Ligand code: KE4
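Presented below, as C-alpha cells, is a lone chain in the form predicted on its own.
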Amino acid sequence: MNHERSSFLFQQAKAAIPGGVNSPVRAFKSVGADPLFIKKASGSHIYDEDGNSFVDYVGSWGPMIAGHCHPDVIKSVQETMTSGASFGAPTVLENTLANMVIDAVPSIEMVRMVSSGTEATMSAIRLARGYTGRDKIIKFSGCYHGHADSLLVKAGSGAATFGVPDSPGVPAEVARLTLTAEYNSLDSVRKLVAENSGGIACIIVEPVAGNMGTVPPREGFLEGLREICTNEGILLIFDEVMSGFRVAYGGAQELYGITPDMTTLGKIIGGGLPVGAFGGRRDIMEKLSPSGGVYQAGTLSGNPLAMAAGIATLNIIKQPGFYEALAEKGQRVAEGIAKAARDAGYPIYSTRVGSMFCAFFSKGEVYDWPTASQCDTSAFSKYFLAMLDEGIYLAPSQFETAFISAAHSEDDIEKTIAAAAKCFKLIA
C-alpha cells in the first residue's frame, strides 16, 4: 500500500507537535513505521489520507462499539450542536446520562462526569484518599490508569511500548506513595497490605487488564481483592475506562459479579467524544466538592455534545442481544486468528473477554506483566505491518487490546482471518 501522504504529513507534524503525535502510541514507533493519518471512518472501516481502506480493530481505542459514524449518534450530536457546544453550566443531558450510568453499573450510586479517563482515575484516587484519610495506593504492574503522576509507575500501554514504565518528571515523593503488585497475584497484594497496615487508601485495578494486551482476571482474583479491601478498610476501585459498557452493559463488575467501592469510566459513555466519569457508593461520592471537601472541577465536564453522543450510544448498546452478538463476533475473530497461527506453525497465546481480544506473540500463557513482557515484539511488528498491507488496522503495539464493533460484518471477519493466515506464513 502507498502511505506517501501520511508519511509527508507526519514529517510536517513533527515540526509542530512533540514526536509528531498528541498521544505516544499513535507514533507507530514500536512497529518501526510512520503512522497513518486518518481522513474519515464509517462503520467498521477507516480511510487514510492516501485513500486506503482498512478494517478497523482499534475503534478509537474502544469507544466505537456501535461502529464509526452511527447515524443515531451523528444525529444526536448534530441536533445538540444547534443549541450550543459548551456552556460550563448544568444541562438536562447530564442528568439523563448520569441516571443511565447509575442504572447500568452495579457499584455506582452517584457519578461525576469529567473529560478523560486520566481525569477520572486521578479524581477517584484523590477522593479515596480524602475519604479514608490515608495516602498510599496499590496498583498493578502493566495496568495503565492514565498519566497522572501517582499512576505512571510501572504502567502498561504507551509507557510499556516505549520501555519507560517510570516517567521523568514524576517526583520520587509521589511515586513512593504508589505500591505496585502483580496482576492476578493475591499474594503480592497481601504482602503489600501487611507491610503498610492502616496506610492504604485504595487498590485500583483494571478488572480486565487491557493495557498489556487483553489479560483476563484469574478465578478468585477479583473476589480476593474485594475480601482484602473489605477486611482492611481499603476502597476497591475498578478502572473500567476500557471494560465499562464493553464486556457487558454493566461492565466487568456485572460480568464477574464483583462490586467495587468506586468505578472509573470513559470511552463508550462519550460515544467517541472526550469524556470520563467516576462514581461509587453514595457515602463516598458525597465527600466530593461542592457537597464535601474533596475538590474536583472541570469547565468541560458534562459537555453537552459528549453527553448527547453517550446517551445515543448507550441506547444502541442496551438493546436485547447486543452483547451476545458482539461476543460471538469476537470469538470468531480471536479463534480464527489463533487457528491461522497454529496452521502456520507459529506460537501465539490468544485471549478474549467479550469483544476485547489479543494475540500475544508468546509460547506460554500470559496472565500478568512479567509474562506479557516476554512476548516477541519484533515478530509482532512484522505481523502488524503485514496485516496493515492486507487492509487490517490493529493497534500498533503488542500491549494493546483489539476491539470488535457491532458494525463488523461477516466479510470483515473472513477477510481478517484470511489476512492473518497469509501473514503468519510470511513471518513463520
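Since the model is a prediction, treat every value here as computed from it, not as a measurement. In this text, residue numbers run from 1 along the sequence as written.
The protein also exists as the form predicted in complex with the named molecule; that form is not presented, and the subsequent description refers to it.
Residue contact check: residue 383 to the named molecule in the model of the complex, 4.5 Å heavy atom: Contact with the named molecule, no.
Just checking whether residue 211 would be counted as a contact of the named molecule in the model of the complex - the rule being heavy atoms within 4.5 angstroms. Looking in the model of the complex, residue contacts with the named molecule include residue 211, since a heavy atom lies within 4.5 Å.
Answer yes if any heavy atom of residue 245 is within 4.5 Å of a heavy atom of the named molecule in the model of the complex; otherwise answer no. It does not: once the named molecule is placed as it appears in the model of the complex, residue 245 has no heavy atom within 4.5 Å of it.
So, residue 407 and the named molecule: in the model of the complex, are they within 4.5 Å at any heavy atom pair? Residue 407 lies outside the contact set for the named molecule.
By the heavy atom within 4.5 Å rule, which residue out of 241, 337, 203, 114 makes contact with the named molecule in the model of the complex? If I apply the 4.5 Å criterion carefully, the residue I get is 241.
Please name which of the stretches 373 to 381, 22 to 30, 359 to 367, 40 to 48 has residues with heavy atoms lying within 4.5 Å of the named molecule in the model of the complex. Going by heavy atoms within 4.5 Å, the stretch is 22 to 30.
Mind listing which residues of 256 to 281 have a heavy atom within 4.5 Å of the named molecule in the model of the complex? Only 267 sits within 4.5 Å of the partner.
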